[in-house]
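First comes one chain, alone, set out as structure tokens in the form predicted alone.
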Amino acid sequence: MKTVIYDKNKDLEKLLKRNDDARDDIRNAVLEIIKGVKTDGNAALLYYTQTLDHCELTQLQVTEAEIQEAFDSVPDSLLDIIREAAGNIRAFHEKQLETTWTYEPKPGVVLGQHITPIGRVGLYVPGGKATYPSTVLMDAIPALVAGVESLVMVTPPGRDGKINPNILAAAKIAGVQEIYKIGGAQAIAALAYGTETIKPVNKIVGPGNIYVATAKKEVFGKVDIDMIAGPSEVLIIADEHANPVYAAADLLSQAEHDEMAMPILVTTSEDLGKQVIAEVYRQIEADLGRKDIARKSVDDFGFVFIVNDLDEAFELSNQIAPEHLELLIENPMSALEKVKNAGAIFMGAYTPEPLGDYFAGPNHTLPTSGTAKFSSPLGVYDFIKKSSILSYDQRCLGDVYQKIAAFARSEGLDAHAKAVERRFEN
């Protein structure tokens, strides 16, 4: 990990830059896959699954028998945990529900907003280096709370043609019934354009590798997407009272995700910074299963920033706009108003980031790479549409139609003007 004395005049973006330059080779490969799926449908999906995932499938859709078999293979203790987490996630997201509303600014005029769910949504659940039943819960439950009637999940199979049983168990508990054994850019193309088997969706949500992210960029416009998720990141603001063991463990909880994950400590105590660095490397060697991934993450993208005071710490954090922000400081709630940009905020020594990843209820699909400056966690609001409601009676339109006509003509739109004037010609 690199120790940096924070200087607001230094180029922070250059210091923290990860290699996110456009990769023409990846984009070209993705475009070829999308074209193949649009042209050949299921045949392309089977071909790319065999070529890229080294799995020869005879059918794309997961059967009810496969779902039940997977469910029965998961230990009851884990099923109980998944059910409890699902309940917490549902309870939190039910607070986000919006309803249709109207108001009457004066007699004869009704204005408002009509709320309707998106008709069909596709959920991408990653496979590969790790499997994420938690992502199933976080993506599916807000959609179902919003009222989405048609929900389809895609996830890459293993070489044996099977889906990780924990993922299928989470899908069953969440309420997902339509599941396909496809991953990568080909899955995104199938969701966007449809095949003989898969009906196209209106929106795609869920994280994935760079091929998935690139494919989501390419199909945006044909369908909506949630966000382009980059490598994970956590930023911990810690004062001299923070426990270095806790801080190191929380940094590593993100470092183990990906070699390009970014763990950052911002502290007012240089001594604490040294203790945390030592503890990070001690924990990697002591008992970390994904130590090679975590070590590369902390070596290449791990930082300890030394700041003069907490005001400077929050200034730095708001510039970075981290996906996960932990406040290992005294009285964190009193400092909440200083947070301007963060995907999720974890308050105090006993609110570690994994609590949000799995169990508490708020969504773990969060804006990364500084996009928390303008975007939000995945939520029920991502699965609804809003339509404006307008109703004027004859008298109320008569009071304003000449103003509307004058405004329209100021823009050179004569037909707009006549559309209101013709109602009052006789």
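If you're wondering where the values come from, they're calculated on a predicted model, not measured in any experiment. From 1 onward, residues are counted along the sequence shown.
What follows is about the form predicted in complex with another copy of the chain, which we do not show.
- Only one of the listed residues (Ser388, Gln68, Gln50, Gln59) places a non-hydrogen atom within 4.5 angstroms of another copy of the chain in the predicted complex, and that residue is Ser388.
- Site annotation in the predicted complex: the residue of Pro157, Gly356, Gly273, Gly302 reaching within 4.5 Å of another copy of the chain with a heavy atom is Gly356.
- Taking the partner from the other structure, another copy of the chain in the predicted complex has a heavy atom within 4.5 Å of a heavy atom of Lys95.
- For Gln394, a non-hydrogen atom is located within 4.5 Å of another copy of the chain in the predicted complex, even though that partner is not displayed.
- Interface residue remark: Tyr180 is not counted as part of the site for another copy of the chain in the predicted complex, having no heavy atom within 4.5 Å.
- When another copy of the chain is considered in the predicted complex, Val145 lies well away from it, no heavy atom lying within 4.5 Å.
- Heavy atoms within 4.5 Å of another copy of the chain in the predicted complex are found in one stretch of 183-191, 260-268, 306-314, 279-287, which is 279-287.
- In this stretch, 34-70, the one residue having a heavy atom within 4.5 Å of another copy of the chain in the predicted complex is Lys38; the partner itself is omitted from this view.
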